[in-house]
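A lone chain, given as structure tokens: the form predicted on its own.
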């Protein structure tokens, strides 16, 4: 038997059964793998997780999503590994396939649950109940088990049966309404923000439930609604309504990178000299939140006369004359390089930073390189590649950022053989029946 190498860390000894898919669910358990948790990701035998080919179709699957060759239902297992987002979502997890709807498969799953600390999933409401594995049954199998069920609206209430994903959660919670230009349609939040932020909040729920189970010896059921976590990001709007009686609204015109509340000026992005290799303009962001910062800024750009000008001498005056101030600053930044501006202003205590694109961040940012944000990972099928690290750093136990996502069925010998005691012939028989 080949026992997988689990990182040393504060979560060693924690075993999690992972039925997560898409994005919001996988993040909750993926947060724990760099610190030593053993997370067993279970996929159905008839089809691999769809994020395995999230950027381009894998070999063995055509553009219609049809499997074009077959080896025990999954193809040959190669190239299903190479999708970048699959590596991000399931980094460090172990991979097996199991048909939990088959009575034999369910029996195997129940035995695995007895040996585990948590079950996590983000199916639509009541999927596990339909399998006969609702909270009551899980608790019966393992009284110490933590069960985290992530869904859009939770498992109670009139909307609990609705299906959701990140943009729907953002719209329903009110986040989408807050984004966009005044008098225009809601603009949304660009990338599916709550699939990521929501997953991290779910991970906190998982960690807290595991801590409680360790203290009390009793497992717990976490009914996590991502929509409710999204609403926690609207705190200032709730406060504004309760204190000032003002309904949620978008900032007044001119919009963009100005700060309307609190009123801060300057507070904007400004065009700089140069373009990147894709032909995009270079920009710098800068802001002066205090009078001291603006005094340093005015002297740094060689315009101390701004301090005695009644239009710019105070924050209130600068905010009232923001458009004129922006023109003055833009004239100064236009012939200068963005990093030159950033360094010059930061040295005198002014908030300033180059607006970086993906190429800047990944290939050139010296701070991210120094912090080890993009470690090299080795993979036997796709070779060496850079990966986005799990970034929180602990002085005594740093995360293991050398991990990778699992290949198809990579760890079935360990899970079904070592943990559940099935022989190779037993596994072959189950595989022939489409159970694993």
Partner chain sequence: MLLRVFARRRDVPSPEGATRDGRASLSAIPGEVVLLSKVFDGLTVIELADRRNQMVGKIMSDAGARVIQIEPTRGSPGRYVGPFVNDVEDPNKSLDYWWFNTGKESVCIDITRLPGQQMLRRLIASADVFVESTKPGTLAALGLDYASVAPSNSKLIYASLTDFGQTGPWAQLEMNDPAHLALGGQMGVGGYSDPKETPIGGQGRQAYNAASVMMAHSITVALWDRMTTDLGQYVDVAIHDCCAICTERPVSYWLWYNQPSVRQTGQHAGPTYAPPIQVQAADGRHMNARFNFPPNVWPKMLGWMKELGVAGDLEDEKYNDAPTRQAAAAVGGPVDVAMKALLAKVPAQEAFEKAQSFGLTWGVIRAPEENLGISHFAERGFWRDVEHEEIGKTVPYPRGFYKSDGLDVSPDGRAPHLGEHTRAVLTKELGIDATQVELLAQTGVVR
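Take the two forms, superpose them, and find the largest set of C-alpha atoms that agree within 1.5 Å; that set is the rigid core. As the structure is a computational prediction, the values presented were derived from the model and not from experiment. Positions refer to the first chain, counted from 1.
The same protein has a further form, the form predicted in complex with the partner chain, not shown here; the description that follows concerns it.
Although the partner is absent here, residue 359 sits close enough that one of its heavy atoms falls within 4.5 Å of the partner chain in the predicted complex. Though the partner is left out of this view, residue 172 does reach within 4.5 Å of the partner chain in the predicted complex, counting heavy atoms only. Put simply, residue 249 is close to the partner chain in the predicted complex: some heavy atom of it is within 4.5 Å. In the predicted complex, none of the heavy atoms of residue 403 sits within 4.5 Å of a heavy atom of the partner chain.
Contact with the partner chain, judged by heavy atoms within 4.5 Å in the predicted complex, is confined among 151-159, 305-313, 91-99, 107-115 to 151-159. Think of it this way: in the predicted complex, the partner chain has a heavy atom of just one of 129, 289, 324, 340 within 4.5 Å, and the residue is 289. With contact defined as any non-hydrogen atom lying within 4.5 angstroms of the partner chain in the predicted complex, the contacting residues in 377-399 are 385, 386, 387, 388, 389, 390, 391, 392, 393, 394, 395, 396, 397, given in sequence order. Comparing the forms between the shown form and the other one, the C-alpha position of residue 185 differs by 2 angstroms or more, with the core used for superposition.
Once the rigid core is used as the reference frame, the Cα position of residue 216 differs between the shown form and the other one by less than 2 Å. With a cut-off of 2 Å and the rigid core superposed, residue 280 has a Cα displacement that reaches or exceeds the cut-off between the shown form and the other one.
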